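Let's start with one chain on its own, the form predicted alone, as structure tokens.
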């Protein structure tokens, strides 16, 4: 399974990349929304781990693009964000997210959810 991780925080990118590779996933990383947008089209990942607040293009825009574009709709989207108010979560799910985990999140829970979603793919 291919996983795209998009976050503008280098430490989060590194730790998530390590975590997902350890689980055996093929991992792509993007440092901003535009890079993620390009990688989505080039690499066709199965699952996206998206931050919301990123330069270039935010996570909501990316999620809407994926969920509204033929050929990409099957991609699962998990938001990982410091925006943790109920309105933020609602906005994420309205954009089409399959899951929204507010930061800080449990890596154990994230790994379990990714495994669950990969089994459905």
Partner chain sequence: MSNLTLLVSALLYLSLLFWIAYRAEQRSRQGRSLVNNPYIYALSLAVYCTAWTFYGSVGRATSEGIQFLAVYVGPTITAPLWWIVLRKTIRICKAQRITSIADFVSARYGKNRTLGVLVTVLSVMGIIPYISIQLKAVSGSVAVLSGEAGGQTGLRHDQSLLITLFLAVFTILFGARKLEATERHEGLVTAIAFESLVKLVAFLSVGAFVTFGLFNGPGEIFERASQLPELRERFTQGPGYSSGDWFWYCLLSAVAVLFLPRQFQVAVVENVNEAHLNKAMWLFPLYLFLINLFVLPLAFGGKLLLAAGVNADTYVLSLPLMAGQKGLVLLAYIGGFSAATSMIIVEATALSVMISNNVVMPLLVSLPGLQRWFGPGSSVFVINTRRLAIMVLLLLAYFYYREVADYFSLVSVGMISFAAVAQFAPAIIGGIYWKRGAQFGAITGLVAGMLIWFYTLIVPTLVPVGFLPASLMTEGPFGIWALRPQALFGLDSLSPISHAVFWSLFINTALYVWGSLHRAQSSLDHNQAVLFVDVFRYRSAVESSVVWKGKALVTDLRALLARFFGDDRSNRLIERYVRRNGLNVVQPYADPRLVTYTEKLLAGAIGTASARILVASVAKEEPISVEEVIRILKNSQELLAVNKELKRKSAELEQLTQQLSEANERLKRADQQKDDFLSTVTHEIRTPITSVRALSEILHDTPDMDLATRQHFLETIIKESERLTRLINQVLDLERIESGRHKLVREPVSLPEIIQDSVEAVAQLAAEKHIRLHYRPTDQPLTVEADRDRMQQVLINLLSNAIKFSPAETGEIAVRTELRNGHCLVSVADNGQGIDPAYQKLIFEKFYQAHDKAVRKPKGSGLGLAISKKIIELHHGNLTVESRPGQGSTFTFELPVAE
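The shown structure was predicted, so the numbers you read here are calculated from the model rather than taken from an experiment. Numbering follows the first chain given and starts at 1.
There is also a form predicted in complex with its partner chain; it is not shown, and the following applies to it.
Only one of 63, 40, 47, 54 lies close to its partner chain in the predicted bound form, with a heavy atom inside 4.5 Å, and it is 54. When its partner chain is considered in the predicted bound form, residue 85 lines it closely, a heavy atom lying within 4.5 Å. For the chain shown alone, residue 21 is not a contact residue for its partner chain in the predicted bound form, no non-hydrogen atom being within 4.5 angstroms. When its partner chain is considered in the predicted bound form, residue 98 lies well away from it, no heavy atom lying within 4.5 Å.
When contacts are judged by a 4.5 Å heavy atom cut-off, residue 67 does not count as touching its partner chain in the predicted bound form. Scanning 5-31 for heavy atoms within 4.5 Å of its partner chain in the predicted bound form gives 8, 9, 11, 12, 14, 15, 18, 19, 22, 31 in sequence order.
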